[in-house]
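Below, in structure tokens: the form predicted alone, a single chain.
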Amino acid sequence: MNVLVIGASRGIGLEFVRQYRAAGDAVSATARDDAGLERLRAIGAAALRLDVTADDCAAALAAQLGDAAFDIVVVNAGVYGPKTDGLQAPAADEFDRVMHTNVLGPMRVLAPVAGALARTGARIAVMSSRMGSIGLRAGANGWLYRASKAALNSVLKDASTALAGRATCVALHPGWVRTDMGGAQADLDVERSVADLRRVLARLGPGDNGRFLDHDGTEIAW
């Protein structure tokens, strides 16, 4: 398979690259800085420089993808932002950073990604979060992050409509994962989370288009 991972310098994105490479797949992956690009090259990925918050990121990605045709695309770039526990309004720069990374970034890259899909059986996943579910909402902690993931889910749903018949598009929740973002107290190690997500991606079909799925494949309420 030919796999593209957007946002792969560390954590879940980097683990996707490791596992797909270990399985013998061809992987292209993006990172913003030299250190991230070097980590990708060290495990045999084609390393692409990309900052999803840059105004020219769509053109930059399209230029680097060339005539590639991907079977699986994972849009993983994301940040958490301020760790609030109530209705503390974020500063304007915090709001811009989270929304530009988690929402505008995927909106920018989906167009060039759509032009680089395999002709049959392509799958696109955005890395969402259960915290973005409105139907399951039971707390207000990290409400800027929650808002950004709810918005990302909306973006994914629109993409699933626009790309119906060309790709199966899903939003995925990786679980609470022990990464720099998730923290040491989280439930899952990154290897288990990504192994689960890869199994979900492997069994997706057209009937799954537009779904919001947990790392174990169960449905999550929007």
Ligand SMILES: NC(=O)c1ccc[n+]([C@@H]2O[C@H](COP(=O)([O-])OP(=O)(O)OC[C@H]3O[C@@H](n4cnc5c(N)ncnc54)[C@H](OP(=O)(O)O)[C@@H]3O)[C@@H](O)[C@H]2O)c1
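Numbering starts at 1 and runs along the sequence shown. What you see is a predicted model, and the numbers here were worked out from it, not measured in a lab.
Not on display, but discussed next: the form predicted together with the named molecule.
Judged by heavy atoms within 4.5 Å of the named molecule in the predicted complex, the contact stretch among the candidates 134 to 142, 85 to 93, 72 to 80, 111 to 119 is 72 to 80. Checked against the named molecule in the predicted complex, the residues Val27, Leu61, Ala159, Val52 give one hit for a heavy atom within 4.5 Å, which is Val52. Taking the partner from elsewhere, Arg18 is found to have every heavy atom lying beyond 4.5 Å of the named molecule in the predicted complex.
Using a 4.5 Å cutoff between non-hydrogen atoms, Asn209 does not count as a contact of the named molecule in the predicted complex. Of the heavy atoms in Ala167, none are within 4.5 Å of the named molecule in the predicted complex. In the predicted complex, the named molecule sits within 4.5 Å of a heavy atom belonging to Ala8. By the 4.5 Å heavy atom rule, the three marked residues Ala45, Arg198 and Gly217 all fail to count as contacting the named molecule in the predicted complex. In the predicted complex, the named molecule lies within 4.5 angstroms of a heavy atom of only one residue of 148 to 171, namely Lys149.
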